[in-house]
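As C-alpha cells, one chain now follows by itself in the form predicted alone.
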Amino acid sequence: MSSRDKILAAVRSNKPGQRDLPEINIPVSYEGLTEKYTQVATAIGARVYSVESIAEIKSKLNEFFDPAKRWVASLAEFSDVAETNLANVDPHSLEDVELSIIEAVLAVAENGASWVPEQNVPQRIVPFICQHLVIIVPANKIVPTLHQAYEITAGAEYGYGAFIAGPSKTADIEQSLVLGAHGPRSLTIFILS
C-alpha cells in the first residue's frame, strides 16, 4: 500500500458521521429591495440607475461611454450599438473591449451582487476583460439575501456563473485604492422595471 493510500484510508476511517445542515431562520423583508440594492451597490463603487426601457439604457450609454470604442453585448437588443455575435470569437481577440453589456439573472440586496451565469455572457472573459461593465438587472429579480439567491440558483444547471459586485478594486499597494486592478474600472447597473 502506498503512502497516499494509507493516508486516504486513515482519513476515511476517521470521517465523522453525516449531519443535517442547520436550519437558518433569518428574518427577511421584501420591502424596499430596489432601494437597498441601489444603496449597497453604490457604496461599493457602482453607478446605479432605474430605467424603464432598453432605449433609455442606450441613451445613457451614449452619454457615459465613447461609442467610437469597442462595445460588446450579450443581448440581441443591443446589436445596433454593440457586437453581439461573440460565441465563436477567439477570447484573445477581446483584449480591446471598452464596454461590455450583460444581463443578470438575479441580484442580491444585502451585498449589491448580481448573478450572471454563462448563458448570459457570450464569452466567459467578457465581464472581466472589459474596461467598463454594464449589468442590466430586472427589478423583479432582486432578492433580499444570498440565502434566497442560493435557493433560486440551486436547482439550475450552470457550467459556470459568477456573483459580480462593484468594479474591480484592490488596496494592497501602499494601502491606496486602485480601481480596475484585475477587471473593469467601472460598473454601471441599470435596474430595468
Partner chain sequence: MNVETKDHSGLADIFNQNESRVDWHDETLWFIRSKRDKAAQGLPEWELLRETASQIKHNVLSNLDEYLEQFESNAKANGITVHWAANAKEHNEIVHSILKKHNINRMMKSKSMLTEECHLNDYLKKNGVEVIDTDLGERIVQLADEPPSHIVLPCIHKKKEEIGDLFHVHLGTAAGEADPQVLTEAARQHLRETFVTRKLSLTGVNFAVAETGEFVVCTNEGNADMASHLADVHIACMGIEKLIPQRKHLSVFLRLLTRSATGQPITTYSSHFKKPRAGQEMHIVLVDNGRTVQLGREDFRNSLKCIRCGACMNTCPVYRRSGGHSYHNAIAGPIGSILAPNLDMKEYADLPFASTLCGSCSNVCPVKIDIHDQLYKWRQVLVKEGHVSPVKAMGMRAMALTFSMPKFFSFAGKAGRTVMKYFPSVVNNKLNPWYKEREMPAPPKQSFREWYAKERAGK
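In this text the structure is predicted, and so the values were computed from the model without any measurement. Residue numbers count along the first chain shown, from 1.
Note that the form predicted together with the partner chain isn't included here; everything after this is about it.
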| property | result |
| --- | --- |
| Proximity to the partner chain in the model of the complex, single hit among E52, E157, E63, E31 (heavy atom within 4.5 Å) | E157 |
| Single option in R124, R70, K58, R47 placed near the partner chain in the model of the complex, where near means a heavy atom within 4.5 Å | R124 |
| The partner chain contact at E95 in the model of the complex, heavy atom, 4.5 Å | yes |
| E103: touches the partner chain in the model of the complex, heavy atom cutoff 4.5 angstroms | no |
| The partner chain contact in the model of the complex: Q39, any heavy atom under 4.5 Å | no |
| 4.5 Å heavy atom contact, V143 to the partner chain in the model of the complex | no |
| Residues in 135-172 close to the partner chain in the model of the complex, defined by a heavy atom within 4.5 Å, in order | T145, L146, H147, Y150, T153, A154, A156, E157, Y158, G159, Y160, G161, A162, F163, I164, A165, G166, P167, S168, K169, T170, D172 |
